[in-house]
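Next up: a single chain in structure tokens, the form predicted alone.
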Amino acid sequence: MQRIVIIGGGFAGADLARRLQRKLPKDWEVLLYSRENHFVFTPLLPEVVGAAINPLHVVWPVREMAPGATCRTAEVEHLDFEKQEVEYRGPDNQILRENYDHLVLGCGLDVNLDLVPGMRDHGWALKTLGDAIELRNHVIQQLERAEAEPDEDRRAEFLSFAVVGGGFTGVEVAGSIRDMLSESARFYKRFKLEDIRVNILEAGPRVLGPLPESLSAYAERKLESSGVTIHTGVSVSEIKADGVDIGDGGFLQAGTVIGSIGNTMHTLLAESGLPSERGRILVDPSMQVQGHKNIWAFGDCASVPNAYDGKPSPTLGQFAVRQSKQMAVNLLATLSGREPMPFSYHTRGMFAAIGSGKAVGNPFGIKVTGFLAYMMWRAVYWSKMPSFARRTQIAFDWAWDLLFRRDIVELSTLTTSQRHKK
């Protein structure tokens, strides 16, 4: 069997495996490597943090997405381009190898926890389902700690939250957390909603920079009115256990700091020797890695030229999925002896949920705000769910959220043996 090896089970990799399995010749197989056995619908992770949807409803087993592909839940540690092999570690920690005829890199980007001093020790990232669940638990724990804390100053620290970065993820997680806190504060006796502070720290002049200025202004007004304080034009110099150092000697108290900035190149790619720029693999317009005819890269890990505007593709899910579609066409064309085609895509627009049942967006260049934008935002993501079952589950979650208060149950992982140890 000849083999196409795909590394990465995100938007790009999982979707490509699904497309290829249906159209490859019978003497070819698809082998997909993924760190985890599931695909994560990352745009909805802020909703998990804010307890708006069930955590299991934003993931889907890669094996179900591409049942015809061979899937390995393992992390590739080395690439040998001369032997055309990938090297990974097996379940007994042994080094295993697999050959390839074509290699497709869709590793995405890793979170750079060292971008801001103190982020690794005191900050929270939001990249995986585990991050979202752990952060959700932490937010609820902060409420419980504040309720048990008699000292007012210490209680204020527990009830202060800061999101570093005012992009899409930062704004959405801040709005989602504020919604959960607003609905939950009534159940606690030692503090009121007015005692809770949620802040967004953005180095640029406004939040949601990729959107038109009028939509950013609307988002800022609505976030402020819901209780989120926005600080623009500020730089974070250090993150500490009780807050962040900002600007020239300023300090903002925050018992919880969430980082939504800073990506870095995947370690596997950084050590591969492949050509890169600004942390992304350099590819030609057809997504072939420069200097290699049987190595391809797409998604966030690659700087894919967009023939539509001549610019590198942004790191957005909609681009990754479109690149996956073109990648499948290009691989099949190459196997048939035809020339691959350049990637070209015109974005259909972007949305950002801002909490309180509101959103902003510019579908097809039309500016939309408020509840209508919120329903459109949900409809877009709902339509992209990978299965009918997930669409049904997400629809039920959102309907429940409209009718009832959010759940503040901590998803505890405390085991019986741990309880006895205490």
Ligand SMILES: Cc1cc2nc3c(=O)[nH]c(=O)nc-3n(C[C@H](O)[C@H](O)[C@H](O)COP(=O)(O)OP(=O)(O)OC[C@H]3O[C@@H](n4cnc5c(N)ncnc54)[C@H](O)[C@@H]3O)c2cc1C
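Predicted model, so just to flag it, every value in this text is computed and none were measured. Don't overthink the numbering: it's just position in the shown sequence, from 1.
There is also a form predicted together with the named molecule; it is not shown, and the following applies to it.
Might residue 175 be said to contact the named molecule in the predicted complex, defining contact as any heavy atom within 4.5 Å?
Residue-level check for residue 175: no, no contact with the named molecule.
Is residue 362 close to the named molecule in the predicted complex, meaning a heavy atom pair under 4.5 Å apart or at it?
No, residue 362 sits far enough from the named molecule in the predicted complex that none of its heavy atoms falls within 4.5 Å.
In the predicted complex, does residue 369 have a heavy atom within 4.5 Å of the named molecule?
Outside the cut-off, so no.
Counting only non-hydrogen atoms and a 4.5 angstroms cut-off, does residue 126 reach the named molecule in the predicted complex?
Yes, residue 126 lies within 4.5 Å of the named molecule in the predicted complex.
Taking the named molecule in the predicted complex as the reference, which of 286, 182, 272, 315 has a non-hydrogen atom within 4.5 Å?
It is 315.
Just to confirm, with a 4.5 Å cut-off on non-hydrogen atoms, which of 171, 320, 164, 297 contacts the named molecule in the predicted complex?
That would be 320.
If contact means a heavy atom within 4.5 Å, which one of 141-149, 219-227, 99-107, 246-254 is the stretch that engages the named molecule in the predicted complex?
Residues of 99-107 come within 4.5 Å of the partner.
Suppose contact means any heavy atom within 4.5 Å; which members of 48-85 contact the named molecule in the predicted complex?
Going through 48-85 in order - heavy atoms within 4.5 Å of the named molecule in the predicted complex - the hits are 74, 75, 76.
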